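This document starts with one chain, in the form predicted alone, laid out as structure tokens.
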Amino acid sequence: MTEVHVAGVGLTHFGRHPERTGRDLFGEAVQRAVTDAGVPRDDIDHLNYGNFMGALAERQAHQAPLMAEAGGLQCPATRYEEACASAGVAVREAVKSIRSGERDVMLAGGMERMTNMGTAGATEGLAIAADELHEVHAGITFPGAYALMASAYFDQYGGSRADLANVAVKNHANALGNEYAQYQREITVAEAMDSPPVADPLHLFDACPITDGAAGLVLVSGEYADEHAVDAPVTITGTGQGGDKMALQDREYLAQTPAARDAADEAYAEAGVKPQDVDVAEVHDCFTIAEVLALEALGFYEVGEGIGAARRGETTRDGDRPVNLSGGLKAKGHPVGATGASQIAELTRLLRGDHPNSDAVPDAEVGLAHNAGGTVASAVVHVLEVAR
């Protein structure tokens, strides 16, 4: 089985871009990725593109060929939709295509425009990732759904709002030097605790922002990298995907995410590594409680023990295993169709040593990206490694 190298990464600034179209954003991400890779565009065999709600935000369906055109690519293109895990799935399918020998060079990425919909419009648009019949009709939104998961966690395992506030403070601190991050400012635990309530026990600073942005990755086979002398030291050595029941009331657990656990188990097995081998991770912290659930599902902590990780300093930039050095979804931003690819772009930069926070993990060899859809009814995990 051939190796899959991350030859190039490209990101736009994540934030509010009301003056720009989706194709404009994705074209920029592709340009940056191709330049970073040094690979001719004509060598790209296929575009795997993630997008969730472009039909609502821009009244534009059938986006994949349009985005190939925006990126200057002369190749077929396929759109992947798995809610907030859309780009993660797009990357996973690209990895599988290259490993199988079907493709040699692929562009995998995603884009989302959200801020043009306003807060109410974006919240309503995001809600279509929940169960329309049994959740949305009952009035559930994603802040409400994650509040139910946080309440269940507190009831079963303990923890407090202060523990969650420490997750937010950590990720805002990590975003300070990241030029692509939406919120490049520090917050305090007191500010997070005093922010307006959204859905008890979650407050405003427990939630990620509404974001516009795009991300792209150029992935190449080991044979192509060798033949064309592509400098691509980071490889994707493991990929996994898991699923769970869509509606929260149908699940066995409210305070655990077995879809992420299953995806991680598959990715670890492929890569031949264990949770304790992971030096740095980017996890799907759409809400602060989501980071806690991810840490436990990925095997970094036993169930019920991840809640205090940020407060204890174990996942901060100077901790034993830094988590979300990019700022995470919480501070870097969350353009949902792009997030899975952006996590791998940030990890690649961290492992290569050209990320503003690479000095926090100078000897890191193994990174992990965790991307989730909805309330983790779907999850994708990738393991990245770099030779030192």
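Note that the coordinates shown come from a computational prediction; the quantities given were computed from them, not determined experimentally. Start at 1 with the first residue shown and count on from there.
Beyond the structure shown, there is the form predicted in complex with a further copy of the same chain, which is absent from this document and is the topic of what follows.
Undergrad: Using 4.5 Å between non-hydrogen atoms, is R23 touching a further copy of the same chain in the predicted complex?
TA: Looking in the predicted complex, residue contacts with a further copy of the same chain include R23, since a heavy atom lies within 4.5 Å.
Undergrad: Taking heavy atoms and a 4.5 Å cut-off, does D131 contact a further copy of the same chain in the predicted complex?
TA: Flag for D131 set to yes.
Undergrad: Though only this chain appears here, would D320 touch a further copy of the same chain in the predicted complex if you measure heavy atom gaps against 4.5 Å?
TA: Outside the cut-off, so no.
Undergrad: Flag P76 as yes or no: does it have a non-hydrogen atom within 4.5 angstroms of any non-hydrogen atom of a further copy of the same chain in the predicted complex?
TA: Yes, P76 sits close enough to a further copy of the same chain in the predicted complex that at least one of its heavy atoms falls within 4.5 Å.
Undergrad: Which among 305 to 313, 228 to 236, 81 to 89, 210 to 218 is in contact with a further copy of the same chain in the predicted complex, heavy atoms within 4.5 angstroms?
TA: In the other structure, the partner sits against 81 to 89.
Undergrad: Scan R103, R261, H172, H203 and let me know which has any heavy atom within 4.5 Å of a further copy of the same chain in the predicted complex.
TA: Selected option: R103.
Undergrad: From the list D265, E223, E191, E124, which entry has a heavy atom within 4.5 Å of a further copy of the same chain in the predicted complex?
TA: For this set of options, the contacting one is E124.
Undergrad: Taking a further copy of the same chain in the predicted complex, which residues of 55 to 86 have any heavy atom within 4.5 Å of it?
TA: Stretch hits, in order: A55, L56, E58, R59, Q60, A61, H62, Q63, A64, P65, L66, E69, P76, A77, T78, R79, Y80, E81, E82, A83.
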